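Below you'll find only one chain, the form predicted on its own, shown as structure tokens.
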Amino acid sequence: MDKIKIGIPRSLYYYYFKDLWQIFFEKLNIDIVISPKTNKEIIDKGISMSNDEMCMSLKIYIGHVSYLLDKCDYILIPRIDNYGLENQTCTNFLATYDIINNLFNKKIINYNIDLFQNETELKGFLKLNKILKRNKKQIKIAYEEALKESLNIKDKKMMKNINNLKNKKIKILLLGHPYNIYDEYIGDPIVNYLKNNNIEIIYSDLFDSKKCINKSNILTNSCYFKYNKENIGSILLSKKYIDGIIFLTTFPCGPDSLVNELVMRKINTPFINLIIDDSNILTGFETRLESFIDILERKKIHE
């Protein structure tokens, strides 16, 4: 059986589905190649091929795709529209397939998720059978096993995150999308700075999704962006334990600019809003973070 190699960009979707994808392809004995950690070369390449209206996260994603062009047979790019009528995704998650398809002359392997039209993740995976050269039974078994194992991995991370709420150190909720929080150029400098200053980081993506979405309705009942509802719901799930919040986003993210601004007006927990673009990556935040931590320390002393 001829083996194919699937390329996976280390950006956007990767930080939601990496465990599922890696375990799935491993069980089918299919080789994958993941682009490296975000670096200056990848960022510059992505920026050079993007337009000004694209958020920094999408520019980085395009850079990762460009890196993979000559290193695989197909690039994995799902098309995720919604998880139901009231749980839409960002336009990027819907349009990325078309953007990449028009920018590059490269074969794409993709699947659709559109629960409003009953297009489930499993159905999408099953339609990959011809490209992957596996029968649907093999794919179904591999998917179900990969889903179970990936959920177990996330459950362990969530448990650790929840246990960290009990820590006596100053605790800051780092609120943002995983593709920003865990990206080496966007989130890592902030995470490392906080850790070096003895801050316990609570991650907004490591709470139960359903609980977060339910809680988000307290802050706003008009938001229909699934991932933003998960983010803001984490505020209410952790509010009793955290000392402050860092809103982390990339310019010019539409959903974040709307939802975060609305929420900031309604909460009384101390916060700062960090917006990353291609002109200020890695610079300008240390002073703000230092001042924010100082405020939280003084506040804690006087409690």
Partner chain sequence: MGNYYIPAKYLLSHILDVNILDPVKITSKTIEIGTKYSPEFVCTPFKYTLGTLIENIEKKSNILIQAGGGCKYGYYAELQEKIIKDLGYDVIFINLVSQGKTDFKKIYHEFKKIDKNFNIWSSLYYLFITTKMIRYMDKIDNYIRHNIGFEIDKNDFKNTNQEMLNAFLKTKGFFDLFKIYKKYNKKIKKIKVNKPKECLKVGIIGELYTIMEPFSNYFLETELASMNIEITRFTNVHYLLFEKKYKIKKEMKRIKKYIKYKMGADAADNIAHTKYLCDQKIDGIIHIKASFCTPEIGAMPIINKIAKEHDIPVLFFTFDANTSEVGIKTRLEAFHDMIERRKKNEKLLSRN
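Every value quoted in this text rests on a predicted model; they were computed, and no experiment measured them. Numbering follows the first chain given and starts at 1.
Omitted here: the form predicted in complex with its partner chain. The next part is about that form.
Here the chain stands by itself, but in the predicted complex one stretch of 200-208, 87-95, 167-175, 152-160, 87-95, has heavy atoms within 4.5 Å of its partner chain. Contact with its partner chain in the predicted complex, defined as a heavy atom within 4.5 Å, holds for exactly one of 135, 196, 118, 102, namely 102.
The contact with its partner chain in the predicted complex, taken as any heavy atom within 4.5 Å, belongs to 249 out of 38, 249, 238, 66. Shown here without its partner, the chain carries 54, 110 and 255, all of which come within 4.5 Å of its partner chain in the predicted complex through at least one heavy atom. In the predicted complex, at least one heavy atom of residue 79 sits within 4.5 Å of a heavy atom of its partner chain. Its partner chain is not drawn, but in the predicted complex it has a heavy atom within 4.5 Å of residue 261. Remark: residue 34 does not count among the residues lining its partner chain in the predicted complex, judged by a heavy atom distance of 4.5 Å or less. Residue contact with its partner chain in the predicted complex: residue 147 places no heavy atom within 4.5 Å of it. Shown without its partner, the chain has 217, 219, 220, 221, 222, 223, 224, 225, 229, 249, 250, 251 in segment 212-251 as residues with a non-hydrogen atom within 4.5 angstroms of its partner chain in the predicted complex.
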